[in-house]
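In structure tokens, the next block holds one chain alone, the form predicted alone.
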């Protein structure tokens, strides 16, 4: 029967060997590709994909040439579960094998959940500064803030992936639509010459004073893309003007519409928290008489209004702050030693690899001990 053949195929030991071989090639190939692509792009193209594609130069075609990490991992997981169900018989003699297989399944599932659910961001604080959000390291957003009211701001954040689409962007909280005239994945800004013949990139805000030049995207770990965009705001079929927004422009651009004041900025994506963190003191200690770092530490204050929590925590190397499902690591600091940069990691499935290793280790120990006891009994009988 067809069903029997499918079950036989997915539970085959040959399929296991093929998947492991493909995995070895994939890891080697993806690791070598990081030299040219950089870490993040190599991860996306080799390990976070169903297939690895070849793109002919000058063509928009994408031709699959090798299975990606998601496909190899999924087939290996199905193979492991199918083989376990078909061949395993729950008995006292095979309890060790059961634990080993369960650990391997948990390890694969945990890695997939980590890849899908984990999130990394950065928290940059100057001494005395307080923030209730972290910022994504690579993603950006277009923030449109209604700052008319003194007590609070109403912010609409548009993810940069939406800015890549040609359709106008409308939101119920905005009395106007946003149209993206051009989006630059990587760019550089310069002052516009007074006698320049070319028109400015935008008519409002900083646009008439600047020129924008598109740059090839970078993937190296020590470099970062700085995006820019030229956007037009429209209301009732009329144009309100065009603005140049960029990662180089730190100051929000303000304008007024229908009696309300708004601010525009292209910034790193913010991840807001129900608590705030204040940097009380940062220390960069070195060994006496040298420039060799001895210790980096940040003394922070954690404040959470909804629970009344207010406490101080010292973060230093190998001693992160674990709070509200996130881990704050001491990552870097400002050159004047008055600011800290914390790496923030959120990984709901961080315990899965530990439990998986415990199950595999316990299974191997139990299986080894059972075989050893059987061998000892045979020797005594002989």
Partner chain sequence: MVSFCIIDSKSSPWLWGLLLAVLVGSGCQREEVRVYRVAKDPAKSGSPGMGQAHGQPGSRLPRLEYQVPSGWEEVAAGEMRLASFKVQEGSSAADVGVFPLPGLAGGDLGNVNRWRSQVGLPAVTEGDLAKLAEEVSIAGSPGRLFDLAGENPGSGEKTRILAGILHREGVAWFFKMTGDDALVAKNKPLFVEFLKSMRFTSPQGELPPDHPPIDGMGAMPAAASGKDGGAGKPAWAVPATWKEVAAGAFLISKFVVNGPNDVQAAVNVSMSPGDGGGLVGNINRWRKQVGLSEMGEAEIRGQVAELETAGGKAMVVEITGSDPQSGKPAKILGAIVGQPGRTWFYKLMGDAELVAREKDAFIQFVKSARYSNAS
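Model, not experiment: these values are computed from the prediction. Numbering follows the first chain given and starts at 1.
Not on display, but discussed next: the form predicted in complex with the partner chain.
Thinking of 7, 112 and 116 as one candidate spot, does the partner chain come within 4.5 Å of a heavy atom in every one of them in the predicted bound form?
Every residue of the candidate spot has a heavy atom within 4.5 Å of the partner chain in the predicted bound form.
Using the partner position in the predicted bound form, report whether residue 239 sits within 4.5 Å of the partner chain, counting heavy atoms only.
Answer no; every heavy atom of residue 239 is more than 4.5 Å from the partner chain in the predicted bound form.
Might residue 247 be said to contact the partner chain in the predicted bound form, defining contact as any heavy atom within 4.5 Å?
The answer is yes: residue 247 has a heavy atom within 4.5 Å of the partner chain.
With the partner left out here, check for me: in the predicted bound form, does some heavy atom of residue 141 sit within 4.5 Å of the partner chain?
The answer is yes: residue 141 has a heavy atom within 4.5 Å of the partner chain.
Would you check, heavy atoms only and a 4.5 Å threshold, whether residue 206 touches the partner chain in the predicted bound form?
The answer is yes: residue 206 has a heavy atom within 4.5 Å of the partner chain.
Please pick, from 189, 100, 76, 230, the one residue with any non-hydrogen atom lying within 4.5 angstroms of the partner chain in the predicted bound form.
The residue from 189, 100, 76, 230 that makes the contact is 189.
Which one of 310, 214, 179, 129 is close to the partner chain in the predicted bound form, taking close to mean a heavy atom within 4.5 Å?
Exactly one residue meets the criterion: 129.
Could you tell me which of 349-357, 334-342, 318-326, 53-61 sits within 4.5 Å of the partner chain in the predicted bound form, going by non-hydrogen atoms?
Correct option: 334-342.
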